[in-house]
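Given as structure tokens, the chain that follows is alone and in the form predicted on its own.
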């Protein structure tokens, strides 16, 4: 029986463990933090890559396909709300260009639904909806719903808030859903600890890795002791610390590291909103603004300027010695936390970033909370890469290289095929999940990490057994 070590308990590592556990093998998952999937944070299932107008349509299609399967494996973490794409007048982007892209994506989504009999993002005909100014007026008359079901119902609370004089038309409402990191953490922890052939070692740091015959010897420590063991296969899923594992084996890999942060505030608005993207040129004062709603009035904000989400020196390429290129200050944020003054200033600037687009939010949003932040690895030479999966270095050493969480399933399938020459899919693990216990565990994980427990609450909890057939009203 093959002994497999997975170093890193983030999205890549936990997904690899979950899928490989369907085979006859013994898996040990090493995670130095006290709980699984601790960062870098995520909040979006990129079912079409519509947040990235600069990436190729091929990458967009790939993200759509990967999200299609990600939903099937992890429905318990999906926030089923659409995303509104808005192009401000200050942005050079032409909305018609985005319309052409979503039309291509819609056709691909339709083919996927027909091929697999599964429609995770709803009827393909409703993958996107265009809204012109007169449509917003109609939506405004609908009134707020407890939970919106139609595109116009989703736009009802937004239509009264948008500063229409500052935006271009049409707007695009697209079925790119949200993801909740606390729900994901709670779900995969429950599932993996139920598998007999998986050992999860939380709070356990890998100290050294070296070749041992046809396999590897790993030395590791936990709170109580040092230990070592031998493994046939190693999967490097250590994210931004992947270079440390590579270095131990005298391997080099070109990569970028990027430190980014999203900020949390709260406002007095009980409407259920879609996520909203206001496009803008990355790295400028008018960089893209991302408005991500949570339950109970909490809002997560990205602003793609160096005063908000991005940082001076926060994107850098690894050097010739495979050493981390980032300044030590970024690692101090990871290890020690944030300076209170900087956090307050960046949160305030994030709120102000929406002043040209939303009427009341910039005026009524109050307070700041611990940000969602981390260091992201981008493999290769292109810092704009968004769709990446796995590097098969040898028959028994794999480097996980996902940039977006939606790529995790394809990554895991590639590893399965290389090790076991086949891909097994078994969704029985979903049957052990129960909504109330999942909800409680996710809330506890949020509290343990210093976040409001409300951030773990889904606006619209999905069915744990996702739809496996096309909608009845889906017509060829």
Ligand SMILES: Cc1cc2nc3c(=O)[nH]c(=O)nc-3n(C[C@H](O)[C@H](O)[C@H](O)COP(=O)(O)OP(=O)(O)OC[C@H]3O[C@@H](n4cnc5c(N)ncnc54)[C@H](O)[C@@H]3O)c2cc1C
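The model shown is predicted, which means the values in this text are computed figures rather than measured ones. Numbering follows the first chain given and starts at 1.
Beyond the structure shown, there is the form predicted in complex with this ligand, which is absent from this document and is the topic of what follows.
Enquirer: Sort through 399, 101, 404, 346 and report the residue having a heavy atom within 4.5 Å of this ligand in the predicted bound form.
Expert: Answer to the contact question: 404.
Enquirer: If you check 447, 413, 439, 32 against this ligand in the predicted bound form, which one has a heavy atom within 4.5 Å?
Expert: Only one listed residue qualifies here, and that residue is 32.
Enquirer: Check for me whether this ligand, as it appears in the predicted bound form, comes within 4.5 angstroms of all of 7, 39 and 42 - heavy atoms only.
Expert: Yes, because 7, 39 and 42 each have a heavy atom that approaches this ligand to within 4.5 Å in the predicted bound form.
Enquirer: So, in the predicted bound form, is residue 293 in contact with this ligand at a 4.5 angstroms heavy atom limit?
Expert: Heavy-atom contact with this ligand at 4.5 Å: absent for residue 293.
Enquirer: Answer with yes or no whether residue 245 is in contact with this ligand in the predicted bound form, where contact means some heavy atom within 4.5 Å.
Expert: So residue 245 counts as contacting this ligand.
Enquirer: Residue 260: heavy atom within 4.5 Å of this ligand in the predicted bound form?
Expert: Result yes; residue 260 sits at the interface with this ligand in the predicted bound form.
Enquirer: So in the predicted bound form, does residue 255 come within 4.5 Å of this ligand, heavy atom to heavy atom?
Expert: Residue 255 lies outside the contact set for this ligand.
Enquirer: Of these, 42-50, 426-434, 413-421, 439-447, which stretch puts a heavy atom within 4.5 angstroms of this ligand in the predicted bound form?
Expert: Partner-contacting stretch among the options: 42-50.
Enquirer: Residue by residue through 204-225, which ones have a non-hydrogen atom no more than 4.5 angstroms from this ligand in the predicted bound form?
Expert: Counting only heavy atoms within 4.5 Å of this ligand in the predicted bound form, the contacting residues of 204-225 are 204, 205, 206.
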